[in-house]
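Quick setup: one chain, the form predicted on its own, written in structure tokens, and binding and motion questions come after.
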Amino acid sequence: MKPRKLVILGTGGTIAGQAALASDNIGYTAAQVGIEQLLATIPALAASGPVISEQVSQIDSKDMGFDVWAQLAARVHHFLADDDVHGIVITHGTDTLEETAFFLQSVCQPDKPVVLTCAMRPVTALAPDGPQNLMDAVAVARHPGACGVVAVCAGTVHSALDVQKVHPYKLDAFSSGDAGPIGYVEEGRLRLLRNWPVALAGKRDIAIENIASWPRVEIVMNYAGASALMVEALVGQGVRGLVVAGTGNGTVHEALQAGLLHAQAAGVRIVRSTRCVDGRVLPLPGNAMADSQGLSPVKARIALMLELVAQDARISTTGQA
């Protein structure tokens, strides 16, 4: 039987970055090398099976936005519908990788593997980590039974739900928190520790390509001496949702909480998350604000935006929220 194809989509990032000096691992410019040029530097890739590549975007992932997400989701949907495609690998910058992974899992819910990978050093480094990360991602994408959106970095496989960047420059920059990783890639073979990602609760069929503008949802943080000024300013600018990165178990300074509750009474959706890297907000009886269902602040923001998009679609279709 002819092996099925693997699709590799390029979006830029450090994995495609270049620096003037081989010794410079942080003063590089991201997104300089095209995906075909990048793949040509990894001869071992040809032995892994048939691969097709496509450049979806060429950006530093700190500049990731809704337009690129829409393009990426459209190409993922397109290739997943092809029976000859076994899975997809996406090269991505590390800064917002966790957000793109969660977005794609939320809107695509793939039953084939969609594997995001990255690098912490540019192509021009003395010892770039991108080629190994890419080969590891390919191994995961070709693994029998692989499904859902995952991220692969430094030999570790993380689910889209749990992955977080936790270090600014170490090669092993990601963590799955107390949930733990899905598995490890060891010499080209995947060792699974737990099940593949399952479909997220509350999936909504959203026509991403039809969204002219995204509902504005922002993140505010609790800290010593926090006030309601930021909330008031955002409400004044028409924000539709706010995620608060609370301290501890989603706790919020009384002054900030007063502002959030006032905004909520005015129709702004409010969600509580936590600044803590591990654990999740545990709701208490009588909580006036919804909790994030275990999502980090940045992922809770995406979830709330998608909820508002779905709500708008229902109102447009039926006239009811």
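Heads up: residue numbers just count along the shown sequence, starting at 1. It should be emphasised that the depicted structure is a prediction, and the values quoted were computed from it without experimental measurement.
Quick note: we don't show the form predicted in complex with ligand SIN, though the next part is all about it.
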Item to check | Glu98, Val163 and Ser296 each touching ligand SIN in the predicted bound form (heavy atom, 4.5 Å) | outcome: no
Checklist entry - Just one stretch in 135 to 143, 71 to 79, 237 to 245, 115 to 123 has heavy atoms within 4.5 Å of ligand SIN in the predicted bound form, so which one is it? => result 115 to 123
Checklist outcome for this item: Answer key: of Val281, Leu38, Leu260, Ala30, within 4.5 Å of ligand SIN in the predicted bound form (heavy atoms) is Ala30
Item to check | Gly87, Pro110, Pro181, Gly93 - the one with a heavy atom within 4.5 Å of ligand SIN in the predicted bound form | outcome: Gly93
Checklist entry - Is Ser61 one of the residues lying within 4.5 Å of ligand SIN in the predicted bound form, judged by heavy atom distances? => result yes
